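Single chain ahead, written as structure tokens, the form predicted on its own.
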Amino acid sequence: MTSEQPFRPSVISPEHPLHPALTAAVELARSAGRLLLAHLERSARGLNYKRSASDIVTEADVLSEELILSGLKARGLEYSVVAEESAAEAIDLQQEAVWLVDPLDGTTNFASGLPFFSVSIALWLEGKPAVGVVHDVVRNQTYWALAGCGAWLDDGRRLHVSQQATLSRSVIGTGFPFDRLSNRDNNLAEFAYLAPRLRGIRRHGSAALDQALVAAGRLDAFWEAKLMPWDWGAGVLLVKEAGGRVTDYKGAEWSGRARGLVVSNGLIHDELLEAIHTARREAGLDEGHVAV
């Protein structure tokens, strides 16, 4: 299925109450992806910095977000919105309905011409994920999930997490926070501890897409601290619906209130949590939720 074709998921009844929201999220994510590709070669133009030298925004981020938000409004789906480039200071996930939108996850990659970035759109209802879409822009693949209906790749393949049961044989992903140069609680201790204890560790630069890769069984796990709701809004539903596990650093079920996220196939989850705790303890960091 190409991104230009209407999205008609054969596995979801058109009568499902969330069918319009799912269809809108997929089609708008794909449209935003086409916009981003059109801007890729001139991505360095309009480059601005937000909170630090590693926290940037491009003109394409803003245009992609405008496309998505206007598309939701045109479809009569203009619920509350939490979007990366226009987020309110107070984020309330307990609202009846709220969209979590990342118009370009992997901005640093995009601005450097590196072909690994995504669009993420999620709908949460009263604090629970209901719709999750992550569009891999360069590969033109769309990962999507509907609560209670599984996780899927485009319209054909159902996603399942991997069956790897040993941490030492796993390939997992991670990332580093925007304030890593000024805050010692920056994931470097965890990274250094885990790297020699894994088959492989990857830092791709798009948290949403890394979570989709866990759902697809292409990564065995992913962890990262200080993520924002638009970073995990869709990914956590993908992983859950693909049979995986989603918690905070303490192992509590993910609620969106913590900043330390761990997603996995479930089989290596406890072992990964223990490794993170050990790394933080040895580095003199707290073992609870990550300080922000």
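Predicted model, so just to flag it, every value in this text is computed and none were measured. Start at 1 with the first residue shown and count on from there.
Just so it is clear, the following notes concern the form predicted together with a small molecule, a form of the same protein that is not shown.
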Next on the checklist: Taking the small molecule in the predicted complex, would R203, S206 and D231 all count as contacting it (heavy atom within 4.5 Å)?
Outcome noted: yes
Checklist entry - Hey, in the predicted complex, is F176 touching the small molecule, heavy atoms inside 4.5 Å? => result yes
Checklist entry - in the predicted complex, does L104 have a heavy atom within 4.5 Å of the small molecule? => result yes
Checklist entry - Does E190 make contact with the small molecule in the predicted complex, using a 4.5 Å heavy atom cut-off? => result no
Checklist entry - With a 4.5 Å heavy atom cut-off, would you call E241 a contact of the small molecule in the predicted complex? => result no
Checklist entry - Which of these stretches, 168-176, 70-78, 194-202, 135-143, has heavy atoms within 4.5 Å of the small molecule in the predicted complex? => result 168-176
Checklist entry - Which residue among L267, L227, A258, V62 has a heavy atom within 4.5 angstroms of the small molecule in the predicted complex? => result L227
